[in-house]
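Two separate entries follow, structure 1 and structure 2, each one form of the same protein chain as structure tokens.
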Structure 1
Amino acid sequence: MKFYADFHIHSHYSRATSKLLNLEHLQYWAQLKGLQVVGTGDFVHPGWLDELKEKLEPAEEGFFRLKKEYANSGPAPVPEKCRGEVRFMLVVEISNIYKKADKVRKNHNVVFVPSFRAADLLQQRLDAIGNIRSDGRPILGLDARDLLEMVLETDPLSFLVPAHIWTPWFSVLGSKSGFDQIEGCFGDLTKHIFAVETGLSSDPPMNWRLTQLDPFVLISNSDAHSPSKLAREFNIFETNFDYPSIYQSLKNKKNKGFKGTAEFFPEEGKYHYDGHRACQVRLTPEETIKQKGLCPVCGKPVTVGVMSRVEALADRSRGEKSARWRPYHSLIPLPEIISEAKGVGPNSKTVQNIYHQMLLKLGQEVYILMDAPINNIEKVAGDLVAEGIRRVRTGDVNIAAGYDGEYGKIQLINQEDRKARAGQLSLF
């Protein structure tokens, strides 16, 4: 069957996450968003693992479902059109900070295990070497290669995926404390890595620029720190509905069963281009090279973003595809599109009302974004929202790219669009 999966998320036990990140809210939001498979996040945290064992029961192999007694205790009833089955998979993100080859390395890694038994084993190993109680995403002074070894020892179906591999501060290829090659990080065990996560800061075409990434399938997850952020990015499968099939479709050479990803526009990320936030200077990689890496305002070195890092490591020219490319969809979360259309903030009442109306009348958010007929959307949410969605689908989007910690700014609908529509409206 075809299904959508968002593996890498967090629980309320992680730093800087929503208190609402519990299984009931995840189950509720997964349905509104349209996901069938969600990662549990944080499974090595003792408190969270206890909660998982208490509230989940085994479903299809390697999948878990919320027990009946908890299934209906979400924040509100799920609109009929959004209802669907949700499965959980045991997933955790680990922060590894250590010295290798005389340099400080910081990278995050997403770990998948197929059973509570394997989860227990990994928890025990990590408990013996570090603090897994203060943060759902534990910070360990452990070499990522050694973490991988421990993971592989827990179960033949356990695996590790380097997380958001381009983030400057915390990733395997990041400019600040990463490696130049995946192999530099995992050494002799690199052959056990078969997938990498593009993260919010990159999309597949950026990754295709590196032939060294050809052996890895590109997956995408939301890294959600609150339940409403689920499915910002996700993976599309068409295979049997269980953990081993997911594992196989990611691992097998042709990635049969893995149908690609849905992605953020990477320009929205906080470190897409280079620059200085304080000086309001945004530079493309080419401009940075022209400026010799210095800020034209203050003269100090600029913060180098993801694009520059990709350019530095790239050995394919822009636009070329990797031999193992998969299709991908670029998406913008629905509330942001409505917000653009209405000219008010995404958390405003207006936007939230329209958003929930759409879910009620049309169905799950992912369906609305990717598949719902435009004229149906127009009927429920008005023509500006429908036009916004149409533009996202066709890639007709203007974004002022993010830099030095400043988020990128989307422009879907401009003043002229609004005036034009207003003019039309006043005719009636």
Structure 2
Amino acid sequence: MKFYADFHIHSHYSRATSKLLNLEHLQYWAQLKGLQVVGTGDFVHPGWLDELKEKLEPAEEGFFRLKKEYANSGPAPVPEKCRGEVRFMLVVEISNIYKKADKVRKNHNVVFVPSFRAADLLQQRLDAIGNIRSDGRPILGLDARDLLEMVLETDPLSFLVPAHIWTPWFSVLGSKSGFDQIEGCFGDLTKHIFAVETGLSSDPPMNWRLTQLDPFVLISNSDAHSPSKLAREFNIFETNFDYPSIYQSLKNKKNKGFKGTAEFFPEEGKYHYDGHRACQVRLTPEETIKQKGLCPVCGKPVTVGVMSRVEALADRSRGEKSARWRPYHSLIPLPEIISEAKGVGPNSKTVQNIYHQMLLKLGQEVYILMDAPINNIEKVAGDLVAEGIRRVRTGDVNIAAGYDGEYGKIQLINQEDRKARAGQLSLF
């Protein structure tokens, strides 16, 4: 069957996350978004693991569902057109900070396990190494290669995916504390890595430019810090509906069950370009070279973003594809499109009312963004919203790229579009 999965998220036990990140809200928002599989996040945290064991029950192999007594405890009834089955997988992000080859390394890694038994084993190992209680995403002085070894020892189906591999500060290829090659991080165990996560600031074509990434499939996840951020990036599968089938579709090079990803436009990510947020300076890779890596306002070093890092390590021309390439879709979250069309903030009552009307009358957000007929969208939300979605589908999007922790700024609908719309209404 075809289904959508968002693996890398967090719980209410993680720092700087929403207190609403519990299983009930995750199931509610997964249905609104159109996801069938969601990662639990944070499973090595003792409090969250206890909550997972209390509220989840086994479903298909390696999948879990909310028990009946919790299944209808979301914040509101789910619109009929959005209702669907949701399964959870045991997933956690680990922050590894350690010294290797005379340099401090800071890598984030996403770990998948197929059972509570495997989760318990990993929790026990990590509890003996560092503090797993202060943060849902534990920060450990543990070599990423050694973490991978521990993961592999918990279960034959457990695996590790390097997280948002280009983020400057916390990733395997990051400009500030990463490596120049995946093998530099995982050494003799690199053969057990078969997927990497693109992160919000890169997309598949950027990653295809490195032949060293050819052995890996590229997955994408939301890294959601609140339930409403689910599915801003996600994975598309057409396999049997269980954990082993997902595992095989990612690991086995002959398996065609992993169909691709839905992505942010990478310019919208927080680290796409170089820059210095304190001085509001955004630089392209070429401009950074001209400035010798220094902020033209204050003279301090800029944060080197993903695009520059890709350029530094790339050994392919733009437009070439890797051996394990998959199709991808570039999307913008629906509330942001409505916000652009209406000229008000995405959290405003106007936007939220239109958003929920669209879910009520058209269906899940992913369906609206990718598949719903434009004329049906126009009938429910108006022509500017429909035009915004059409432009996203065709890639007709203007974005002031994100830099140094600042999200990119989207422009889908401009004042000329609104004036033209006003003129048409006046004429009518």
Partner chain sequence: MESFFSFRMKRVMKTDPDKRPQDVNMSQWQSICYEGQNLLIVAGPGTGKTHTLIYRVQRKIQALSEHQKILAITFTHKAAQQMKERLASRHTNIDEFVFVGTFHSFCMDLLRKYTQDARLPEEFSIITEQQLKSYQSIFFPDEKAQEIRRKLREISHWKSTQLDQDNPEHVQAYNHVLRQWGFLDYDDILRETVLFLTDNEDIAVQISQQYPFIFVDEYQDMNPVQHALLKRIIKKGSQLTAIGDPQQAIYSFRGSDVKFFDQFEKDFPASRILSLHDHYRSAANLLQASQQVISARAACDVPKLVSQIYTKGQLIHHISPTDKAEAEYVVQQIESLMEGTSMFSHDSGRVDETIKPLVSFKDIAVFYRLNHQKKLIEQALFRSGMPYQTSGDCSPGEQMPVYDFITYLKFISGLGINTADLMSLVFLLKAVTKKDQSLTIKEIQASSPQTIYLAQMDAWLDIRRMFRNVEGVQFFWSELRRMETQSRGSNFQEVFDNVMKSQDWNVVLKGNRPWLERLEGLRRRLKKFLTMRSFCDDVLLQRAEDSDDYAVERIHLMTLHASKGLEFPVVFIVGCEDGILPYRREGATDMEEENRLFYVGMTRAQQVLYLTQARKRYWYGKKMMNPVSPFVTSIESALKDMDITPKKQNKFKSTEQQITLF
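What you are looking at is a predicted structure, and each value in this text was computed from that prediction instead of being measured. Throughout, residue numbering runs from 1 along the sequence of structure 1. Between two forms, the rigid core is defined as the largest C-alpha subset superposing within 1.5 Å.
Between the two isolated copies of the chain, the form predicted in complex with its partner chain corresponds to structure 1.
In a rigid-core overlay of the protein, K290 has its C-alpha displaced by at least 2 Å between the two structures.
After superposition on the rigid core, the Cα atom of A195 is displaced by less than 2 Å between the two structures. Here A278 counts as shifted, since its C-alpha moves by at least 2 Å between the two structures after the core is aligned.
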